[in-house]
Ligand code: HSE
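Below you will find one chain, with nothing else, as structure tokens; this is the form predicted on its own, and questions on how it binds or moves follow later.
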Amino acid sequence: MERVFVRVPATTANLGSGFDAVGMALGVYNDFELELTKDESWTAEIAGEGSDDLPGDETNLVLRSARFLFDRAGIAVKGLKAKISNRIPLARGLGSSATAIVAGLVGANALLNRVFCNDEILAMASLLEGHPDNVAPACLGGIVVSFENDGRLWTQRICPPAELHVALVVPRFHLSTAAARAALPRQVALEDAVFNVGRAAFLACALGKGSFDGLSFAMEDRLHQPYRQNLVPGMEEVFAAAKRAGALGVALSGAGPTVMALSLQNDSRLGEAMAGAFAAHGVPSDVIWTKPSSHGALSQFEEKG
């Protein structure tokens, strides 16, 4: 095989209380085509989001991830060309970097006729990303609870309830994960840890059962969102607006600045209320309505030849 197509979903991590442990795949996708070349060039052609900013040489994250897998396999590859179609906003808390990592690994593995199993691909993705909360749902689809223990990644996948809708309100500014991480304290109070543990456990159980009662409280958080609030102007008011408009629950998507809300219907009033709260703080934003994606990249790629 000399060419492969990979589609990877966006992800929203944390879902509020499940900090660094829970993530959900979304029905917004980046598309990638990886092709082996006979020359020694490693290049990327980028369309859509980030086309003016992302590198087109061997430093591109898709190519770096593919090279990582080739090296792990002990196979020398002369050249690789990636065609990237980005629909997921960059640096907005929607897992755009996770899609690049997963696409590079999945695509490279397919080009080598799948020398690595799915678990090995996921472990490599977590290593490259530094944490599994985005790459796990990007690989597996659905809602994924994950953690690492002694170098091994453990996951439990939850099939998302079919009636669940997701409103993404995406501010028109970038927020780097590094900056969002730097805002977090090194220690938290015991009562705050207990607050989150109970809610995260309830959240996973409720979503697994398709029960929506109490989600508003289960998605509350004391470990990361309060400390990132100053990085996202109007965040508290956006949360309040979402709840008044009938959201099942609301949370910062990943490191932000996107705010995501769960709903049982695609109700334009919910998105408008959240965008209006951002606008009151001078923050323009865009509303994306989507649903959880049951499919991840590991079950979604197809060959082209």
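The first residue of the shown sequence is 1; numbering continues from there. The model shown is predicted, which means the values in this text are computed figures rather than measured ones.
Although it is not shown, the form predicted together with this ligand is what the next lines describe.
**Q** Which of these stretches, 198-206, 141-149, 109-117, 173-181, has heavy atoms within 4.5 Å of this ligand in the predicted complex?
**A** In short, 173-181.
**Q** Answer yes if any heavy atom of residue 157 is within 4.5 Å of a heavy atom of this ligand in the predicted complex; otherwise answer no.
**A** Although this ligand is absent here, residue 157 would stay clear of it in the predicted complex, with no heavy atoms inside 4.5 Å.
**Q** Any chance residue 249 has a heavy atom within 4.5 Å of this ligand in the predicted complex?
**A** Residue-level check for residue 249: no, no contact with this ligand.
**Q** Would residue 286 count as a contact of this ligand in the predicted complex, using a 4.5 angstroms cut-off between non-hydrogen atoms?
**A** The answer is no: residue 286 has no heavy atom within 4.5 Å of this ligand.
**Q** Would residue 134 count as a contact of this ligand in the predicted complex, using a 4.5 angstroms cut-off between non-hydrogen atoms?
**A** Result yes; residue 134 sits at the interface with this ligand in the predicted complex.
**Q** Looking at 165, 222, 228, 81, which is the one with a non-hydrogen atom within 4.5 Å of this ligand in the predicted complex?
**A** After the contact test, the surviving option is 228.
**Q** Just to confirm, with a 4.5 Å cut-off on non-hydrogen atoms, which of 34, 277, 255, 26 contacts this ligand in the predicted complex?
**A** By the 4.5 Å heavy-atom cutoff, the listed residue in contact is 255.
**Q** Let me know which residues along 51-65 have a heavy atom within 4.5 Å of this ligand in the predicted complex, or say none if there are none.
**A** Contacts from 51-65: none.
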